[in-house]
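Single chain ahead, by itself, as structure tokens, in the form predicted alone.
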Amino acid sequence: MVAPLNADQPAAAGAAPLQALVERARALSEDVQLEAVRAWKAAHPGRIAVGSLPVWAPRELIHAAGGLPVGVRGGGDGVEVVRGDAYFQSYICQLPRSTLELALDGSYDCLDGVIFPSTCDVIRNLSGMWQLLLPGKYVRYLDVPQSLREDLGGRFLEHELRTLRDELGQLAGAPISDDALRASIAAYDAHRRAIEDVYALRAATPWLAPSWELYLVLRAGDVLPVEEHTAMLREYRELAAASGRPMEDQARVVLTGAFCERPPLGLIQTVERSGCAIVDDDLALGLRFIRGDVAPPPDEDPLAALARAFLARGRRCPTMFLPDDAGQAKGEALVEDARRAGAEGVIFAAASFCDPALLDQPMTAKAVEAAGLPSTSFKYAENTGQFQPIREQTGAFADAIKIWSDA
């Protein structure tokens, strides 16, 4: 069972607006039947809603088509998978099986199409399964480059984005103009800045913006229009900063490995209650995959700017292919993030059967160790219901940091 919201904090004056915001975020994050998307489409007849699987998809293009980008993240621990297991083997992660379960029961009927970014072999197979089981729906498998050179990977990705722009324009009934795309990029730049502002608050004062709470606020962005979610993030930061929550003496850690799936809320709460303050993470990575603004200058093709931003400032997560020094570059990026957030240790929390995370982990863990940062690791499932072993492990890790670490 997940504890009630704010169960660990005493009520404080002015806490009601913050609690109301988090309650709304929780309802949206648990909206696996996409009722918020159905309401948006009813209020905007004729406009499209297009889903995207983790990790990265150019939501700016869907927005520029006048559509609603929707994060498709499966059912988490709120959906019992029955039919989904009939189409996939049991030794894969929960995400594709629960996503297919929701598609087959009609929960995703409000989506006009779904983009499947290149993430792993299972997601590639899921895109083909979608075409077979849901004929008539727009399906796009989005390949991303295996070279970060602008003259190779950049040209390839720009071509992929141009094709996607044309297809989304046809789906929406009108071509996507450069001006519309520039306006959408500006809206998402503002959104990225709002997310980074909240992350900066949590890194500086994690007791004011606990990660289980921030996790809910982030996940609300899967079903809200970007402008509305940006406003929610800004309001949350303002309310959290003024909440007056008492300072807590916890070990400062980075939580990494959950970049694709949606770990149970109870898992995040368990880590924090064990004595760890999560000061950086890779949760909901698709909402903040690109660091900083894209902001193309007036004389540049906005698609080229998007492609360049992906190559130069895309997060070095396990789905990013780095052919020459994958382990070194990704490990260095993780250490840099940990240092920037003032972390004292790293927790590797990979979803069971997640090949990208589990293949990268030995290399990134080696970099973390070389940097003198202590670490621990565990695996989880989206439908995990028992967290006591994780609490004991992370609690012991927090104690060890406090007693022995020089990080």
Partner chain sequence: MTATPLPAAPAPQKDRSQERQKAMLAEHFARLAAAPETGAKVVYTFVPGNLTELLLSFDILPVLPEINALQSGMRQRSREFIREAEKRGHSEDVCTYVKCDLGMKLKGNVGPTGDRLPNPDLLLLSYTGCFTFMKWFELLREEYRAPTCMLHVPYQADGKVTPSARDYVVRQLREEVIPALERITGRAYDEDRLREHLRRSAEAEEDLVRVLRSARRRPSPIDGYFGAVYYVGPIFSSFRGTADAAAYYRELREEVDERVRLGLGPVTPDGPMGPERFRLVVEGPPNWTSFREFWRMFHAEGAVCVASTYTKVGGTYDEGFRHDPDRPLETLAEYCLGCYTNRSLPTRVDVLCRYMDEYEADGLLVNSVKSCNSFSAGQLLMLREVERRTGKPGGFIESDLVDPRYFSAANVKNRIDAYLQMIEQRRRGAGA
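Just so you know, these numbers come straight off a predicted model, no measurement behind them. Residue numbers count along the first chain shown, from 1.
Absent from the display: the form predicted together with the partner chain. The rest refers to it.
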*Looking at 238-246, 176-184, 132-140, 217-225, which lies within 4.5 angstroms of the partner chain in the predicted bound form, counting heavy atoms?*
132-140
*May I ask whether 204, 274 and 404 all come within 4.5 angstroms of the partner chain in the predicted bound form, judged by heavy atoms?*
no
_At 4.5 Å between heavy atoms, is residue 321 in contact with the partner chain in the predicted bound form?_
yes
*Taking 4.5 angstroms as the cut-off for heavy atoms, does residue 71 touch the partner chain in the predicted bound form?*
no
*Is residue 122 close enough to touch the partner chain in the predicted bound form, meaning at least one heavy atom pair within 4.5 Å?*
yes
_Please determine whether residue 170 contacts the partner chain in the predicted bound form, using a 4.5 Å cut-off between heavy atoms._
no
*asked:* If the cut-off is 4.5 angstroms on heavy atoms, which of these, 35, 30, 369, 355, is the one near the partner chain in the predicted bound form?
replied: 355
*Report the residue, out of 315, 155, 234, 192, that has at least one non-hydrogen atom within 4.5 angstroms of the partner chain in the predicted bound form.*
155
